[in-house]
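Coming up is one lone chain in structure tokens, specifically the form predicted alone.
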Amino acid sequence: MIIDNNFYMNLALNEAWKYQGLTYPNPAVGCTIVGKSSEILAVEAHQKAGAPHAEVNALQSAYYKLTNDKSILSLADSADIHNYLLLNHNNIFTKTKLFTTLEPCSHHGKTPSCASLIYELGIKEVYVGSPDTNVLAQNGKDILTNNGCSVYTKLLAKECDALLLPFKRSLEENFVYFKWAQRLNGTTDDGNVSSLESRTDVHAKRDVCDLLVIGGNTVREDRPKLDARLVDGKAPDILIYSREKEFDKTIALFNVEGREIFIESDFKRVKNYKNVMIEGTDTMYMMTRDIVDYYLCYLSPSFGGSKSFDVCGDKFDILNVTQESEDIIMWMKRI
């Protein structure tokens, strides 16, 4: 059976979207390794800044599948994985193909160059979705082609560019996304709407965002803490959008060490931050339409509550849908 190359790139894309919002200041990237008989050897993603890149994770998994050498699975540091692969690969990758949503990096920063690793392992075919426009890491394609590797670019370019947009926006100005959770009947009130797994995912995203924006009424009614305690992470700075400046300072969010809190009647401060999450319901949605790049919805398979997310007329492109636990998670862009 002949499988289209788009199939392999789609696997990489879907894996990478699971970590969108978690890799800042790095991009979300996915990678698929395909064997000589078109079998899938690995589908992996970059999971957090400082951790191995997607290509390294995929090569680690593929190496284990081809050799059954468990020693490599004990390695977590990117440089250690690089070195182990270079010392032990025995040319097992020469007939494999590599699919990556982003051009392999050229520089040696917190992790070694992925482009150099790929050609040193003898991989001769690489398929790339988006070019790397980051001046610190670009030109990986040149490293590969100069060392005998055939590089095919712009495979599912539109989809890969959509995955990369948050990273590019953070480099150019900032990336702003609006997050909410709702039930099947559209309600957003009456206790926890989403599952513990989804709430943990949100806390992980708070851990890496610079600023969290929330409405004043939500603060007064829900008295939230808005930290990242479920992942033992840092609490982001808070912008409370409110015309009323007085708040009960015993509300939990005011008593988190190390954060700055701003109470303002506009969103100008958002421009001072690179990775911004907005949490809210329909009122905040309407107030921030002009500054939001992407929307993130956690859809719970349940009914309940009484207050619906009431917005009429807007339509979305669904960029990705995943279901890691009981909830459906959708990344979207307003049309």
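Residue indices: 1-based, along the sequence shown. What you see is a predicted model; the values in this text were computed from it and never measured.
The form predicted in complex with another copy of the chain exists for this protein as well; it is not shown, and the discussion that follows is about that form.
Novice: How about E44: is it within 4.5 Å of another copy of the chain in the predicted complex, going by heavy atoms?
Specialist: Close contact exists here: in the predicted complex, E44 approaches another copy of the chain to within 4.5 Å, heavy atoms only.
Novice: Applying a 4.5 Å heavy atom distance criterion, does M284 contact another copy of the chain in the predicted complex?
Specialist: M284: no contact with another copy of the chain in the predicted complex.
Novice: F93: heavy atom within 4.5 Å of another copy of the chain in the predicted complex?
Specialist: No, F93 is distant from the partner.
Novice: Contact between G122 and another copy of the chain in the predicted complex at 4.5 Å, heavy atoms?
Specialist: Looking in the predicted complex, residue contacts with another copy of the chain do not include G122, since no heavy atom lies within 4.5 Å.
Novice: In the predicted complex, does each residue in the set A62, T200 and V231 place a non-hydrogen atom within 4.5 angstroms of another copy of the chain?
Specialist: Answer is no for this spot.
Novice: Hey, of 112-120, 154-162, 234-242, 174-182, which bit sits against another copy of the chain in the predicted complex at 4.5 Å between non-hydrogen atoms?
Specialist: After filtering at 4.5 Å, what remains is 174-182.
Novice: Can you tell me which residues in 296-316 come within 4.5 angstroms of another copy of the chain in the predicted complex, by heavy atoms?
Specialist: C297, L299, P301, S302, F303, G304, G305, S308, F309, V311, C312, G313, D314, K315, F316 sit within 4.5 Å of the partner.
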